[in-house]
Ligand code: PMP
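Coming up is one lone chain in structure tokens, specifically the form predicted on its own.
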């Protein structure tokens, strides 16, 4: 699904075949989930070129995540962006998902490491959560206490929580989960941030107990451009039950609307919401590889 005998990856400064790459089975990342990663999208633009969306922001966050976890980090955003562009070309990919991973050496103690390693992989990706509106279930799992983790870091071990929540929701017949934080406020999806709409205004959980996503920041920029009012605040789950619409947003998920939460449908028809306008605007941005101009956006389907 992700690679074959021809797939090339970038491994510690070299381009090698994925099928021939090796890792250390005594590595600290494998045993303890001590690593950091990014999820990045590339797109074939309307001009036919390949564009890596928000590449600098993602590689800056990769560095910040590594430093937050005390992982040695020697790479620059510029060199990793260049390596990623080459990797996409070597694998003949345009609409792709890109996964950089910074991982630790063999170390069964908890003493600081003197080095880190990096791998960048890429593969073809269809819409991560599909294209239909999602049936969502509130999870029995909570997001981790930010006092227990560096919650702003995109760390590998954090996502065990995400896997458990998503598996639980899908086993119960839903498309995805919504997690609350330790104070029972709305937090996020397993791999995406959440917004809801009420009377033409958007609301999203404030930072502190969530990963402040790059796509979330993009949605806030879109709202500013389109003069859509948006508020960041602590949100009770009951507020979503009475909402007109809601959506998840993330690099893999992009902007995807929700049909219902805990079997309660949202009140407005999706195509008649400002949330749908945000979705169309985001799609227009990534395929045009440019900042969106309002009078171009309104007619885009």
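Numbering follows the first chain given and starts at 1. In this text, all values refer to a predicted model and were calculated from it rather than measured experimentally.
Here the subject shifts to the form predicted together with the named molecule, a form of this protein not shown in this document.
Among residues of the shown chain, residue 65 is not one whose heavy atoms approach the named molecule to within 4.5 Å in the predicted complex. Although the partner is absent from this view, residue 36 stays clear of the named molecule in the predicted complex, with no non-hydrogen atom inside 4.5 angstroms.
Although the partner is absent here, residue 154 sits close enough that one of its heavy atoms falls within 4.5 Å of the named molecule in the predicted complex. Although the partner is absent here, residue 213 sits close enough that one of its heavy atoms falls within 4.5 Å of the named molecule in the predicted complex. Between 226 to 234, 118 to 126, 183 to 191, 104 to 112, the stretch whose residues reach within 4.5 angstroms of the named molecule in the predicted complex through a non-hydrogen atom is 183 to 191.
Of the residues given (159, 149, 73, 141), 159 alone sits with a heavy atom within 4.5 Å of the named molecule in the predicted complex. The single contact residue among 273, 42, 29, 251, judged by any heavy atom lying within 4.5 Å of the named molecule in the predicted complex, is 251.
Along 40 to 60, a single residue, 58, places a heavy atom within 4.5 Å of the named molecule in the predicted complex.
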